[in-house]
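The data below hold one chain only, encoded as structure tokens and taken in the form predicted alone.
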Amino acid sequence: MKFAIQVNEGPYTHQASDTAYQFTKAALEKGHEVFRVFFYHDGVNNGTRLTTPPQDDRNVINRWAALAEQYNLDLVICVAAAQRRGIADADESKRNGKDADNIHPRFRISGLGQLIEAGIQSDRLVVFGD
């Protein structure tokens, strides 16, 4: 089965991101395909490279990045939600006159069209969080 995953909650404020990660990992390990993981609303906070949790805590962002590396996952952050929350890649930062970017290199920023395409191309769109 081919899945699209939508994550609507941040990495440390709600269980949704952890659950989405565990679901995605389990699906891939069972041989299913994940077309795209789309981070929306507060879920865009899963893509910042500046998160530094304590050493004895899980690093949700690095977990997503490692999974993306292992399975060549497409991790997409919604551009509008990212702008509202201060998440930017180099291009968005420059375009908006900011002096820095903070997106993790395994993630990319794009629009809602990526979510629509993921829903069309997949058998199931599974949403985590409100």
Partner chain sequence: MLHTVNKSPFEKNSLETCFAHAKEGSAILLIEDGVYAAIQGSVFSDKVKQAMSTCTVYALEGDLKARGVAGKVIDGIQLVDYAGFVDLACQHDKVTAWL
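Residue numbers count along the first chain shown, from 1. From a predicted model like this one, the values you see are computed outputs, not experimental measurements.
One more form of this protein should be noted, the form predicted in complex with its partner chain, which is absent from this view; the next part is about it.
Heavy atoms of every residue among 3, 27 and 129 are located within 4.5 Å of its partner chain in the predicted bound form.
The contact with its partner chain in the predicted bound form, taken as any heavy atom within 4.5 Å, belongs to 32 out of 84, 95, 32, 58. Under a 4.5 angstroms non-hydrogen atom cutoff, its partner chain in the predicted bound form has residue 15 among its neighbouring residues.
Within 4.5 Å of some heavy atom of its partner chain in the predicted bound form lies at least one heavy atom of residue 19.
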